[in-house]
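As a starting point, one isolated chain is supplied in structure tokens, in the form predicted on its own.
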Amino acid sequence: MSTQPIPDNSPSMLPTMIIPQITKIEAITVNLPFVTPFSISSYTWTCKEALLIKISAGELSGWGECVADPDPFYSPETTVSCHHIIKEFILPVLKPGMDFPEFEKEMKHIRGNMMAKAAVENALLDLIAKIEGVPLYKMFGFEPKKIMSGISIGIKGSIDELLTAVQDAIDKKYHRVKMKIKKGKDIEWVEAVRNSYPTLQLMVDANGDYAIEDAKHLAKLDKYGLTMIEQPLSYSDIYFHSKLQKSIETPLCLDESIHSLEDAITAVELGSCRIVNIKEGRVGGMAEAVRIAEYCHKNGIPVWSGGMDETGIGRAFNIHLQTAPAFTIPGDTSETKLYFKEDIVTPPVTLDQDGYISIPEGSGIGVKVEEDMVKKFEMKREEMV
């Protein structure tokens, strides 16, 4: 297929602000218990352990959240490995006076470790936006808008339990429902939801639980009118997804396979998916996420913002990202109370009467990080600079 040019690093897509004189950088690990355990095909989590990066310039501080887990069951990166990469390799290239594109260029010498990079990059962007006195979305040249909501429902113990969760999401006016599936909990479970809710915008997420040999089985999902099937095959695969997409009608969406703009281009060129899930915390931060979104938009590939069960810090970045015109599908952007009884920021994410989410007001990411709540859930704190 013929595709449009790769986006450049123009100011409209990549901030050129100068990195300020930094007075302190802290790495803080927090642990927030979930309201209910969250299960995907490979693991179940009962809490969110998050590595936070706080970068200060005088009285102002920018915050970033590393989306890695403490374990390697979703991603090879972990909170411990990211802490090491940030301290030993990323922060040493961060110099006052360099502009943001120069910092990104220097980070390219560090292979992979996109979650670690995102945590630092986003903290810098939050700080720079606060210094400039503008919301983060405006720094990228985007206009404010209400954000569509979407909910991700983990694998449940029974179909009845699943149907109850779906009904609760509908009652709260969520615009889209995603249900996790895995082998043995797929066709019958999807059929039950679709029969109960014929017009629901419904998608499924397999988190890589299937193989190309399961193509005929996955094709059985075609009759349920799903918005998409997300990442049915291996996290590292793009090629076999292209073969699977040719054999089924339902659009495939790639998630874990996309770590960079180059991955997105490869997937589009091969026809491996018709939709892309952009997780800014997984692709190295906001700047790369915007480049991927712009490329997909130019090539007719819808995108949406995936969630990583973030605290209010990471959730705020996802909200700002979705002001980009490319985001036309409701993302995994849910109310705070769905995940945490207590969060570390105010205000919490809430839905209005029509299921929309407002962008937090104020400069940077808009939310206020409550230091007393951070300390309440703090496991470890280290001053790196």
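Small disclaimer: the values here were computed from a predicted structure and weren't measured. So that there is no doubt, residue numbering starts at 1 and follows the sequence shown.
FYI, the form predicted together with 2-succinylbenzoate (OSB) isn't displayed, but the following is about it.
Partner contacts here mean any heavy atom within 4.5 Å of 2-succinylbenzoate (OSB) in the predicted bound form, and among 235-243, 260-268, 137-145, 307-315 they occur only in 307-315. Looking at 2-succinylbenzoate (OSB) in the predicted bound form, residues Ser152, Lys279 and Ser334 each place a heavy atom within 4.5 Å of it. A single residue from the set Tyr210, Tyr74, Trp189, Phe103 has any heavy atom within 4.5 angstroms of 2-succinylbenzoate (OSB) in the predicted bound form; that residue is Tyr74. Distance criterion of 4.5 Å from any heavy atom to 2-succinylbenzoate (OSB) in the predicted bound form singles out Lys180 from the list Lys180, Lys130, Arg291, His83. Taking the partner from the other structure, 2-succinylbenzoate (OSB) in the predicted bound form has a heavy atom within 4.5 Å of a heavy atom of Asp205. In the predicted bound form, Glu230 approaches 2-succinylbenzoate (OSB) with a heavy atom inside 4.5 Å. Mapping the unseen interface onto this chain, Phe327 falls outside it, with no heavy atom inside 4.5 Å of 2-succinylbenzoate (OSB) in the predicted bound form. With contact defined as any non-hydrogen atom lying within 4.5 angstroms of 2-succinylbenzoate (OSB) in the predicted bound form, Trp45 is the only contacting residue in 45-72.
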